[in-house]
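So here's one chain in two forms, each on its own in structure tokens, numbered structure 1 and structure 2.
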Structure 1
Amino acid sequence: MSRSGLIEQERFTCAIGALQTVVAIPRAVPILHSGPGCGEMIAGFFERSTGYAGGCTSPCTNFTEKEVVFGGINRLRDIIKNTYKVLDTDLQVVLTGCTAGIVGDDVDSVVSEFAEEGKPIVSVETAGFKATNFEAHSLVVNAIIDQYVSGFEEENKPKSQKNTVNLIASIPYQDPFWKGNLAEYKRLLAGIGLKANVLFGPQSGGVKEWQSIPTALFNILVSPWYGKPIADHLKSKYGQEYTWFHHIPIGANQTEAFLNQVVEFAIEQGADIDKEAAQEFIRHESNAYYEEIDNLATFLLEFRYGLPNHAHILHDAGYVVALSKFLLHEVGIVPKEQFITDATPEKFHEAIRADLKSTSDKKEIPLYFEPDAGKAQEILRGIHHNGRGLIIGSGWDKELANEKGYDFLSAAIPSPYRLVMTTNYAGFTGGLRVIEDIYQMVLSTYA
């Protein structure tokens, strides 16, 4: 399909949006070698995402015409020096914007000056025209591993901790539920006997946890495609194998599958796992989940004619597949046309289609890879199904839902209609929360 290069209603950002990856590391600070609007743009897109020193508060060289002509290396050096004076930080990560990328400033040499003094500092090329923030997330993480974590390998021997794993999952802030999801993954993995380095957010031990990355016996990748370069890099660098679960486990079916997959892989890798105890934990969590589902019976019977019977999802690949499986098998809402809006690289399309296709052997779910969400909405406007519909997407999609007379659930960014703090959609508890959100929204229409 030919494209103009312009898209409407973007659900992701350019590469410098990966400054949120840095913001999500406790006491880490992004330094932008870019124009003055980059940080403000990212802060506006993600909302409520400043963290320790992010968004429009990030130190920035404020590239102007002068730096375009003469270069901005001296200004960058001064900004780094002053940041150390003003902010008490554990890690600084310099990210370049488009102007620095075009001019060709030798950022690495400036950063190496400070690194040689023992400063914890990393540089990453994130010119916006080179990648999306989905891809740049991996660039930032791998740069920190190579330029910072590698300096602690002597005291953190590779694969020295048999029951420690590195979790590669939600992209901070791009996934609105990342804090809750990471906390739930950590809890679930602890329940089967594994200590998880989650690396980001309040559940992370900050740079100390990053320093211990090499010690993990293996890695867990929960993603259809983003983050895979991190898992591949760690396998190459430290010999850490990884188990790959291709979508977010939501609800009992997929969470059980996820945990069982991890248990089997952990045993294969030589982890000290009590398989019987792990299975007992999974059964306990599953029983608690189904007890709540049983309690829904009266509600579902009473409102059976007024609930959504089909759904369209506009989200990244991980959520589109995960929510489709969950809605069909555990909620009874049929997934119809689905739209993946994360600019998934084409090499992953076939595997994602296969994953979604495995949801049902009765009828194939139509799937569109469409980063132009305006175009996705136009397709959806021309689609009509009988019964009450549901759209799960970003704030961009609320008016479309109103136009079609559908229910609407805000579950993707950007969205001014919902405040998410520590809510999770992953796991057993995440499945229950999705059900709560859908039916609470439906009930509100009866007021």
Structure 2
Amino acid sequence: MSRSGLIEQERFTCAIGALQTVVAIPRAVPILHSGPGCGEMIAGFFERSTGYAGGCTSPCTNFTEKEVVFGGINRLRDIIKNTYKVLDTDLQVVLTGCTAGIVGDDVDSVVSEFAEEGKPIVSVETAGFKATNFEAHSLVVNAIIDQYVSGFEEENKPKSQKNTVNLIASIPYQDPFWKGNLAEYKRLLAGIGLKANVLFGPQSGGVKEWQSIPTALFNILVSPWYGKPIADHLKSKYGQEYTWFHHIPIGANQTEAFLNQVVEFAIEQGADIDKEAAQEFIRHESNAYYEEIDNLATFLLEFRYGLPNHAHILHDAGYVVALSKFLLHEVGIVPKEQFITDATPEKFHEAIRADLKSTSDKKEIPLYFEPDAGKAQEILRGIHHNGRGLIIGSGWDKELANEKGYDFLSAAIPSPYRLVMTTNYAGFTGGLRVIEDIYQMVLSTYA
């Protein structure tokens, strides 16, 4: 950490960035009770992220001096009222910015006026100084559960669907591969006999799926730390236990471990799982994966013109740990100094270090928790290893890679240098895609 607490080259944003959590729910709309620039800042951070009614479409009170002095409650009431006239949406989530937070507007009471009329509306406090968007993602989801989902409990009895689970994994838009990852998790979980509510993106069932959250028998948390408050909340609210996989399963080793863990847990929880069939599915997926690796191995071993032999990753904790494991064991690229840039709360550091340490009993992988990515770059600038290096990070790291003469793969946000639509990095196919991306980039450096 820098002495002053400053952050250079931020790789995450403030709490109101979790408006993207709302944008990722089909036909939901974020309503901002904030200064005029908040929406633009968030849209610019995530880029190509407007969804159904995000970006310039999202209603906003656009605080002026008048609202700062006299409060903005009446303006908010007008904006919400007229949102119903102008936009056709299934769920409205009011998010507050710093201005509303500091002047102390009573947003909850305005929102409850509409909720009492039966409107599907939720409010959540997301003043930028209160939390990061990694943390606020959980605040938004839990607010929707408490203020919206809870209204449908009558017809969605807790744990009434034996083979249904809620998946808490990628944070929409903050994980650039969220759409693809969620789709792949859903497909894999279906393969072992579970119907997963993925809650976000086109593979989710929109608000109907959210209403059915209580019916899940148990929950799956795939994350080193973010999203955990959601799993904890559902556990206390609906008695749903959860199984926790601490990093993103990328490639065969980790995806097999993930699916086996879920199968065991599901059986323990009383789900109706055909264990034989589930294992057969995992075997089949794994075989298809290794057919590719087998075919590729000659290239990895023999390509005589040079391939990267070591890597540095600047990413959130889930990707840093996952990619380190994957690169070492399944690609043959040695993970060197790694940088977690997601402002992981202190209390999770030890567990994450232990998870990374378990990657190898032969090798020590130095790990830095450094939300100040400019500082991380400064450290990396002073590090040298023999051989061809690879940096996996955000667009900011492309310049550093150029400077060091390293290869560069854009896999974190913000990144103006790469488009991601439905690509997944999670799962067996995700691992193959990482390999494709790395060597596509390496090969493109020739001729």
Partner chain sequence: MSKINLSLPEVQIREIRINSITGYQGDAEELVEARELGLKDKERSFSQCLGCATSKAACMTVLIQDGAVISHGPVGCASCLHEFAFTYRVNYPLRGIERPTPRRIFSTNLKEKDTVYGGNIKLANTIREVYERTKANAIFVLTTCAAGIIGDDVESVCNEAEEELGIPVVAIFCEGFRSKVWTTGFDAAYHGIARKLIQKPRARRDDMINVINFWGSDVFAEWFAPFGAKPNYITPFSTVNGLKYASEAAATVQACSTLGSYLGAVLEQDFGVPEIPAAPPYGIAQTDRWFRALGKILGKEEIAEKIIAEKKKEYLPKIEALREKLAGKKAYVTAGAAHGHALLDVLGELGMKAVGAAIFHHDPIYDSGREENDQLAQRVADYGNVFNYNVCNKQEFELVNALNRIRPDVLLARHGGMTLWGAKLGIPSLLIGDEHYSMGYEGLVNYGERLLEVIENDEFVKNLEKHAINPYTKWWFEQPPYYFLKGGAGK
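We call the rigid core whatever largest set of C-alpha positions still superposes within 1.5 Å between the two forms. Structure 1's sequence is the ruler for residue numbers, which start at 1. All values reported here derive from a predicted model rather than from experimental measurement.
- As summarised for this chain, the second structure is the form predicted together with its partner chain, and the first is not.
- Superposition on the rigid core between the two structures places the CA atom of G39 less than 2 Å from its counterpart.
- Annotation for T57: C-alpha shift of 2 angstroms or more between the two structures, rigid core superposed.
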